[in-house]
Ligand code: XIL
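Next up is one chain by itself, shown in structure tokens, the form predicted on its own.
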């Protein structure tokens, strides 16, 4: 998101939807979730918002944000000019205000953004060539290193493609360092924080027929073919008369997902806040298993960078018709989590061999080591590893009647919307499916949220513990020791 309107985003009436997308807004069922975050979580997704540190003193603002959303993006506080105002001198004061508010209220955080042609500090704007390339690398390492293990996903590169019909890259100081700069940014980011999902984020790539969309698609396809680490694509989805919602948005989402990446709607706002259009966007996401979450760009209309377009779900403290349409769409989704893109094979058969209350270690058959909380850490978001088996509390688990694996007062948690390769963590215990685990007769342990198998990423001490597409191999088989 830019602080000023783009030329492509004209002011005017919202584009008209096709007749087949009409949505009837009805009252929320009494048994359904009553907030956006909770209703999205029922299908294994998140529903988030952008937060400004300057508004955290507004009680109405924070009350709505806290009640309704379960993923937070810093609106400007994690951008380049905010975090590295002088070369090599990082400042996370504003970013930490947003991050700390989020985690203190039980939210996860998306990082936005690491490499971008806009909102660069003056020193970076005046840098070029190999010096700028190194500055980009140093910035990624500095910011991701500071938040290592704490951020769900990063918009590693933002808005690198040109508007118009070329389908090519934007001419920027970063692009002029060499065409491989985006690849370098993603490889740097993977090394800086292997646990974070790495996203490419852009606007006007929502319409499948547009050249810009195809340009980004071709880049992502190339990256996946060559093993460049990219986990997700962010569709900003700033819909207005200059860039209206189109019914092929679902095609765009499914086409990117078919490349093997998650898709996240990252900055949603809709001119005029049409309830029909908001519901259509949500239903498009719900229709694609790898569309893992939606973020609206602001809490209330008055907080929006496009406030004159009244594009959000709240006006002051009041819920708008679009809010009801979104909530109903989310509550209508299946509550067992989205169908995984890859069907596990072989499909394990659950067997009730673990009695609730039994205490044991989880020993991986391939590695011969046990699931371990490093240094007995128990904070929300602690990433688990395997380590030489011992009898200390940080390796001992109890299996609850709700199928939870509990240790150190927390539960083994597969992050909401997790895809294959996502690391598992510790989190406050709740009753949702992403903390429910099924022990199977072939030795695998599957997540009830996504039917992915508990796995390890290596055999040595400190190797990662993840969820992965089930294949029954030794790195996915477990014994209770």
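In this text the structure is predicted, and so the values were computed from the model without any measurement. Residue numbers count along the first chain shown, from 1.
Not pictured, yet referred to below: the form predicted in complex with the named molecule.
If you superimpose the site C-alphas and bring the named molecule over from its pose in the predicted bound form, 3 or more of its atoms are within 2.4 angstroms of a backbone or C-beta atom of this form, and that means blocked. This chain lacks the partner; the member of 193, 75, 231, 301 within 4.5 angstroms of the named molecule in the predicted bound form by a non-hydrogen atom is 75.
Among the residues 297, 186, 101, 323, the one placing a heavy atom within 4.5 Å of the named molecule in the predicted bound form is 297. With the named molecule left out of view, the stretch that reaches within 4.5 Å of it through heavy atoms in the predicted bound form is, among 406 to 414, 370 to 378, 389 to 397, 158 to 166, 158 to 166.
The closest heavy atom approach of residue 197 to the named molecule in the predicted bound form falls outside 4.5 Å. Taking the partner from elsewhere, residue 201 is found to have a heavy atom lying within 4.5 Å of the named molecule in the predicted bound form. Using a 4.5 Å cutoff between non-hydrogen atoms, residue 119 counts as a contact of the named molecule in the predicted bound form. Not displayed here, the named molecule is kept clear of residue 309 by more than 4.5 Å at the level of heavy atoms in the predicted bound form. Counting a residue when any of its non-hydrogen atoms is within 4.5 Å of the named molecule in the predicted bound form, the one hit in 265 to 290 is 267.
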